[in-house]
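A lone chain, given as structure tokens: the form predicted alone.
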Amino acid sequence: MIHIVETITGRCRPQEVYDYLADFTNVQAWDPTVLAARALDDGPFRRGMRFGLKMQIGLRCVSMTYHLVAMDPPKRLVFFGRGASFKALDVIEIEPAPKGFRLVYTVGIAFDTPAGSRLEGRVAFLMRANARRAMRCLRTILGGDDGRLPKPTALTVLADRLVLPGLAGFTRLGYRLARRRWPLAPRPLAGRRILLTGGTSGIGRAAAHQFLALGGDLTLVGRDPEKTAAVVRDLRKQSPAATVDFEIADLSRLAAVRDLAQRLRRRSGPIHILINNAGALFDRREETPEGFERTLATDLLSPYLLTRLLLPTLQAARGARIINVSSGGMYTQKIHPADLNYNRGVYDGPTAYARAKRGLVILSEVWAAELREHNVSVHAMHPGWVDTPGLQSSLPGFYRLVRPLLRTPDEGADTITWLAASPVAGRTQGLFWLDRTPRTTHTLPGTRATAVERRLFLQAVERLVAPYL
């Protein structure tokens, strides 16, 4: 049998540590060998609950089923796991420490066959190295280490500049390669209130599940009342102890955005994290009843207006974060301050979408500079190429071409969740992220706006939105 013991300390309360680790799906965040983790049973975490894991062990991808076999809150958790040819017993013991907690993690691994037993000596070193790395990551999550700002590798920088190799980073392969370098993971979000737009499907829905797994209090904004209510029921079913509610608003209508902000401001308590995730791509030009091109209204004017109206509530949080979800498509376009409403030329849906997402990145940089003194951090990110219903319906040809390479919604949402919960993101401003790493905002010539163009762009946005402020 392989026997491993690791000890860490951190600043969280023992109960918070226990609650986080009792949800064994969180193991995907702190154990680099775990590719995916999900609960196999519904309801609250309890003795006998099962979890399914996919793990990368050496060059092999293996599946395991874990059972939560013992619970003694907030002191002890025991998980028993079985794979095709081996089994594991994970014992977690938590005790108070002067500045937080002390955790002892003990793992026993045994092979079922004589051939497997003969391999123990060869794989023991690898298993222990993986355990040490997992515990370093868990210590970061639980407040033992603030970590350093991750940096792109020289190869990544070169790939971005060469454009086509950089596109490979948008795929599932890019995500999995980047994941090997991650030294950091998100911390629990207990007591933090999160406002998430566009959370009823795709990346937003995946992010909602991730936020609740970290213990955050979630308000979901959706357009369709029945669909939004159904998603919230599902979220509550998956996380019965979580606090989750919803608001209904058509975010292509600025009057509806204004009314939403008014309702949110009337609630008690600050908003700690605002995720401007809602977006849409339309294949033909349409105007909203307020006279705005729909992509511009939904993907740029709406997050601008919502953020502006919620600034007092965000500033009251003392350490709030704003995360704007952009798109890799923005690399192909520059801003057009004199034609934000796309009245000129032949309309192209992907181009309109890319222009709006480029504008959202510029707004993130501007807000970051303005809000630094108010202790509000602002970031933009793009999720890569993700297999979502929106991509399938809006770009069916592209979807068919790259479908085998697309990321899962969970993989696309990962950086959103990380930016909301990582201490590093709270100490930085105005960056553009992919896979938990700051990336360049320009790769193609002619897409960088001049200082004059940026000023005209901001003035144009402010002029359009002014009647609704």
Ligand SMILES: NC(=O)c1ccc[n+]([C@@H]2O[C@H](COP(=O)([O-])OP(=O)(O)OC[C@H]3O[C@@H](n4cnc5c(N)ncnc54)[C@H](OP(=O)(O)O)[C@@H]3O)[C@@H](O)[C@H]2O)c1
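Keep in mind that this is a model prediction, so the values were computed, not measured. Just count from 1 along the sequence shown to find any residue number.
The next section is about a form of this same protein that is not shown, the form predicted in complex with the ligand.
- Contact check for S201: a heavy atom falls within 4.5 Å of the ligand in the model of the complex.
- For the chain shown alone, S364 is not a contact residue for the ligand in the model of the complex, no non-hydrogen atom being within 4.5 angstroms.
- Remark: T140 does not count among the residues lining the ligand in the model of the complex, judged by a heavy atom distance of 4.5 Å or less.
- Proximity of G216 to the ligand in the model of the complex falls outside the 4.5 Å heavy atom cutoff.
- Contact with the ligand in the model of the complex, defined as any heavy atom within 4.5 Å, is confined among 131-139, 234-242, 324-332, 370-378 to 324-332.
- Note on contacts: among T388, N341, T171, T351, the single residue with a heavy atom within 4.5 Å of the ligand in the model of the complex is T388.
- The contact with the ligand in the model of the complex, taken as any heavy atom within 4.5 Å, belongs to K227 out of R285, R179, K87, K227.
- In the model of the complex, no residue of 445-469 lies within 4.5 Å of the ligand by any heavy atom.
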